[in-house]
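Only one chain is given next, in structure tokens, and it is the form predicted alone.
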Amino acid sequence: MIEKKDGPSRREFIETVGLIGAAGAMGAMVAGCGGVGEQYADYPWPPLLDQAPDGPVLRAGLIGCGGRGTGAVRDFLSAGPNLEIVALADCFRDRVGSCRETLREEEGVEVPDEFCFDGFDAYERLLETEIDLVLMATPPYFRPEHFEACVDARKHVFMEKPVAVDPVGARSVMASARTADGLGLSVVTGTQRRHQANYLETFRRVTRGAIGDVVSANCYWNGQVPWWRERQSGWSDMEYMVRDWVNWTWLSGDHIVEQHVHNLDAISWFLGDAHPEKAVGVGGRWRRPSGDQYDFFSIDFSFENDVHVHSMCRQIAGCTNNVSEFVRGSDGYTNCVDKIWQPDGTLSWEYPYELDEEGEKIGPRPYRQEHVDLVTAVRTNSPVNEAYRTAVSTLIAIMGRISCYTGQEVTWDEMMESGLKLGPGRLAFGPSELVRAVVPVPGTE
């Protein structure tokens, strides 16, 4: 299941840039992990406009035409005036057709035959069309390569989370993010909590000392398996795995990476975009219906200044569910989304939601807001690039997964030097040994 290679010059470049980036970009942030104020001074607050400003037509292409990709297209089209979707790409022709039909029937958008591409190389043909921006919603395994290609083609990007499934991929995204910075490209990722008014206002208050110095944190995504695919007659090994991608580690990163990255990203954010120094975790598999992943993870992440974060995620039906984050400080604590408490449990602040006609809270629309913020950045020539920090959050999740799979303590420095790369040596439909992957057993070779 794991392929290790002595990489060519790009691998050396990725490792060098990754290590320089960790020492430079992250160093100042981690240094202030326990404190408040200075480390947040240059935080790129999104404008949170209701609609992006008008401007010349922005033409977008979609890579990954499943449910999330189709949703991303609709959010993009609603983000402001003069926005068009003109090209579609996916591994599977039927996925392209389904997305195309939805756009025709529900958005009044017709994508011509000559701009609909399928196959593992579909993204390359899409990038040859006249587009300004790419929406990436493929399985995470593909994102480092696709993102590199988009940046090389000088396209603005919306990229879903997570951005990789292994350390090599995460560092590739870090390197491509630096290139995007140099080209003035805007990149928004699918960590939507950072585009929610309630999270942002809570974060703003934490930066001003509302809970004092951070001393610990907890985060959770406990739920059930979101979906799986039964293998159909005629599907090859590779087609089955790609269609059932959310349940295969080499394609999704396991649910700690694919899903729990949201919570880990929020905690990293509230700690000053910090990363842990080490991780020790446990996990296992009891009831998963397909794939090779774990059902649950529980990890202790150790940050600088002896700040510990407990991370827990589970996908087992019929259990108590919980999707949340908590950050505890010397002078109080917060749920990160809309409340702050004093140390004795007294509520000291609550986000002032607007209410509808029936008195129900009107929540933010973060999936749409991500695209409003991206289009605004492009049209105001104010580049924003979230790829590096999301690669860091992704690597935090990978770090936790590896600790649980192996039963060993894993350090951040090891992740920044690791040659671990998941997946096949060559992408092609047909038989694959990966379909017979063995579920990892901690404490064994």
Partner chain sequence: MRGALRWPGRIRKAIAAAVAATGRPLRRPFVWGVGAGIAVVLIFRGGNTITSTDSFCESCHVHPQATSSWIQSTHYATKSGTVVHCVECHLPPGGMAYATEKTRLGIRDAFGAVFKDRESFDWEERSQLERARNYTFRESCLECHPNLFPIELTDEGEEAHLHYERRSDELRCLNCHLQVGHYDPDAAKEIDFGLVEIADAEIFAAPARVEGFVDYTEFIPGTSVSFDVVAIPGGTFEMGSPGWEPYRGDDEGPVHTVTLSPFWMGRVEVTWDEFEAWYRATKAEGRTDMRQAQMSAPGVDAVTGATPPYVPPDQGWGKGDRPAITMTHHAAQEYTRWLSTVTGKHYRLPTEAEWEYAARAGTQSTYFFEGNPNQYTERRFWNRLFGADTEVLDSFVVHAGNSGSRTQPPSEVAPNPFGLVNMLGNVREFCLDWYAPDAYQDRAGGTAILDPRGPATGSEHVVRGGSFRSDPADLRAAARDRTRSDACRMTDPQAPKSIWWYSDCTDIGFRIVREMTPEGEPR
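Note that the structure is predicted; figures quoted are calculated from it, not measured. Positions refer to the first chain, counted from 1.
Although it is not shown, the form predicted in complex with its partner chain is what the next lines describe.
The contact residue chosen from Ala175, Val134, Ala122, Val242 relative to its partner chain in the predicted bound form is Ala175, the criterion being a non-hydrogen atom within 4.5 angstroms.
Out of the listed residues Thr179, Thr207, Asn218, Asn305, Thr179 is the one that sits within 4.5 Å of its partner chain in the predicted bound form by at least one heavy atom. Every residue of the trio Asp152, Tyr388 and Met416 has some heavy atom no more than 4.5 Å from its partner chain in the predicted bound form. Exactly one of the stretches 416 to 424, 375 to 383, 66 to 74, 47 to 55 approaches its partner chain in the predicted bound form with heavy atoms within 4.5 Å, and it is 416 to 424. For the chain shown alone, Asp300 is not a contact residue for its partner chain in the predicted bound form, no non-hydrogen atom being within 4.5 angstroms. Remark: Arg171 counts among the residues lining its partner chain in the predicted bound form, judged by a heavy atom distance of 4.5 Å or less. In the predicted bound form, at least one heavy atom of Leu183 sits within 4.5 Å of a heavy atom of its partner chain.
Its partner chain in the predicted bound form comes within 4.5 Å of a heavy atom belonging to Glu148.
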